[in-house]
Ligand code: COA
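Below, in structure tokens: the form predicted on its own, a single chain.
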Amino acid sequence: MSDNILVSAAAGVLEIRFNRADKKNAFTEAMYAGIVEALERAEADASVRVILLSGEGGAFSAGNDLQDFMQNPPDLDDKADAGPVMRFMRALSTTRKIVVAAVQGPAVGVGATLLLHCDLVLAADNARLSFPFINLGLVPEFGSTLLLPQRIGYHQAAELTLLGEPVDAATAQRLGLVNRMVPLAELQEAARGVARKLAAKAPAALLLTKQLLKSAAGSVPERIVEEAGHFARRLRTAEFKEAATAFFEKRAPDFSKLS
């Protein structure tokens, strides 16, 4: 794994930290490969309930390292043996695990579009998100031309992508691109607290809820029926039994031995 990617695990949370502070954590192909390795590890490990993404040294990520990309143009074909960039996009966008991001400083290009694939995003008060692809003669990537209009409406998405100008954390929160803004000094601990809280929840119910939330298929009546089927089956699970027992015993449920 690249030295520019730091990985640690504790209490059901796998932390992936971008560690290239001198370049504001701009991604190289080697970094993409390291992130993919960590995401695949999380996906295969039942003890990992939550993935936490963050950046070291005052930045989340300045996006792609343009010099690295010019010297080593990435393989962006969607195929089984795709290069690290496409494998990263596939791994993050399809992971079943809950993904939390802690954003400080600049989140540029893919450093911003990857947030659209996270489940919860906490931003420090100094965070600035930007989608400057058009300024480089490029187009937005990582599904952002679909996800941004869905998330914030066409006109807001057009302003972010056609002008390519950064927005501050308060604006990002108002638009719904981040869940909450916290003081910079509190960001990492706040994000870890959220991640640990999620990791303590009923694991199968947590992942199934994410699956339902991210599914775009079906009408409201169809979704009601789908949810009802899942709900009925959940009533017969060990997770529900533990949660109900804990409720009556006036204690916190313990799902640590359940997968």
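For every residue, the number given is its place in the sequence shown, counted from 1. A quick note: this is a predicted structure, and the numbers were derived from the prediction, not measured.
A second form of this protein, the form predicted together with this ligand, is not displayed here; the remarks below concern that form.
Novice: May I ask you to state whether Pro84 is within 4.5 Å of this ligand in the predicted bound form, using heavy atom distances?
Specialist: No, Pro84 is distant from the partner.
Novice: Would Ala228 sit within 4.5 Å of this ligand in the predicted bound form, counting heavy atoms only?
Specialist: Although this ligand is absent here, Ala228 would stay clear of it in the predicted bound form, with no heavy atoms inside 4.5 Å.
Novice: Under a 4.5 Å heavy atom criterion, is Met89 part of the interface with this ligand in the predicted bound form?
Specialist: Heavy-atom contact with this ligand at 4.5 Å: absent for Met89.
Novice: Can you work out whether Phe142 and this ligand are in contact in the predicted bound form, taking contact to mean some heavy atom pair no more than 4.5 Å apart?
Specialist: Because no heavy atom of Phe142 falls inside 4.5 Å of this ligand in the predicted bound form, the answer is no.
Novice: Quick one: Leu122, Gln173 and Arg180 and this ligand in the predicted bound form, is every residue within 4.5 Å by at least one heavy atom?
Specialist: Result no, not one residue of the spot touches this ligand.
Novice: Only one of 56 to 64, 38 to 46, 219 to 227, 192 to 200 has heavy atoms within 4.5 Å of this ligand in the predicted bound form; I'd like to know which.
Specialist: Single hit among the candidates: 56 to 64.
Novice: Quick one: which residues from 5 to 22 get a non-hydrogen atom within 4.5 Å of this ligand in the predicted bound form?
Specialist: Only a single residue, Asp22, comes within 4.5 Å of the partner.
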